[in-house]
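A single chain, nothing else alongside it, follows as structure tokens in the form predicted on its own.
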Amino acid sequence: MKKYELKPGLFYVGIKNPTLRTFDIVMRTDYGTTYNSYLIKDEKNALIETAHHSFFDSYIESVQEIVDLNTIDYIILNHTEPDHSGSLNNLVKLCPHATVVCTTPASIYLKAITNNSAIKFQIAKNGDTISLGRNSLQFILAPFLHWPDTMFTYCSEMSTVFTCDFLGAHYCEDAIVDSKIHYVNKYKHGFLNYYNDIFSPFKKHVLEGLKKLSGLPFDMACVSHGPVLTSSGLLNYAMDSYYALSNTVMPQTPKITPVFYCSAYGFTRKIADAIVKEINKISSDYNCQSYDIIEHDMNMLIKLMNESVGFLIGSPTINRDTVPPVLSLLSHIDAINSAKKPVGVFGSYGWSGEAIPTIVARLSSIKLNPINSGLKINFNPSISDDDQIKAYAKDFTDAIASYAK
């Protein structure tokens, strides 16, 4: 693409991918994305981030419009996922004098990603600086935003901070800077989805990251995805949104205890309804309601699941397995913040009932707390099944009471 100078000596050399509709397998990107990379041209030249390997040729052309690759002194990697580092292996072969600057975890990951023992690393510790000549770069460690390897890079002379994935968005227009995008509402939709998909499990770290940025005078945030943010554009919106979304206290009363299920012939639904009735009989504080997964918005169900103090999940067994909508919902568990969360597992079955142990095994593997071995009822629940439904509901609420303390 045509070179774009953000500030004197600071160039955008990133890649646009407007047709991408799925990122990292699980993220919808309705508005495409960008792989942002930046070049500071000074007495010493520094590239900040690289790009996805499949766009390497276009990426290199953008860089070479501005400097000879032999004159690149530093390649700064704020984070090492391959959308950031994918071009590194080819890049260092063309930049023989470049040193890769990154955190200690990043250097470990990059060695495994590139399988290149010849890369020259400089480990950035918190507060370290390097001089480029007229400009300097300061490194600010920001672990778990959203990997252990993440850091921010700050150029005080340019009043600019390179925030990696933090404050970014899967959003692509022709415009590079926020003040020039045309569809602001679509950007905001992509921005919020990006936060929910990537940063919502790390709210504590998000607040710490915002605190670190608050101590830096800057008017431009060069993010790794989406438009560059400016103080006259959407920078304040982005930071305020991150604060509001992360500065939430989980409500303790009433306790959110949803019951999710799928039901082929209504039998699993009957179990769900009986469980809801029994839990609310034990205490109205549990605010227990049932949700047929295929009849509700998946994003709403994911939010309920992750904000709950515990939930129940029901599935029939079809072809010796759990049904796909149940697996889809469970694939969005915030496992990082849900450790030891009580989960009830139930379902009706015909021949065998493998769905229940399959779900229990999955939940156990990601450190949640499935109640006992689940509740299995053969075909249509009858009056004779009432006692075990009541007992299971009681075991679940006992686990909730213990977990919520």
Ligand SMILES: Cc1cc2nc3c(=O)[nH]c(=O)nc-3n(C[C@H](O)[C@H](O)[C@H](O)COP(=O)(O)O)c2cc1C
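Superpose the two forms; the largest set of C-alphas matching within 1.5 Å is the rigid core. Counting begins at 1, following the sequence as shown. On a predicted model such as this, the values are computed, not experimentally measured, just so you know.
Not on display, but discussed next: the form predicted together with the named molecule.
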item: Listed residue (263, 160, 103, 308) with a non-hydrogen atom within 4.5 angstroms of the named molecule in the predicted bound form; value: 263
item: Interface residue in the predicted bound form among 211, 320, 180, 125, criterion: non-hydrogen atom within 4.5 angstroms of the named molecule; value: 320
item: Candidate stretches 31 to 39, 348 to 356, 362 to 370, 58 to 66 - the one whose heavy atoms come within 4.5 Å of the named molecule in the predicted bound form; value: 348 to 356
item: Residue 267 within 4.5 Å of the named molecule in the predicted bound form, heavy atoms; value: yes
item: Exercise: residue 316 in contact with the named molecule in the predicted bound form, heavy atom 4.5 Å; value: yes
item: Threshold 2 Å Cα movement between this form and the one not shown at residue 108, rigid core reference; value: no
item: Residue 320 C-alpha relocation of at least 2 Å between this form and the one not shown, rigid core basis; value: yes
item: Threshold 2 Å Cα movement between this form and the one not shown at residue 44, rigid core reference; value: no
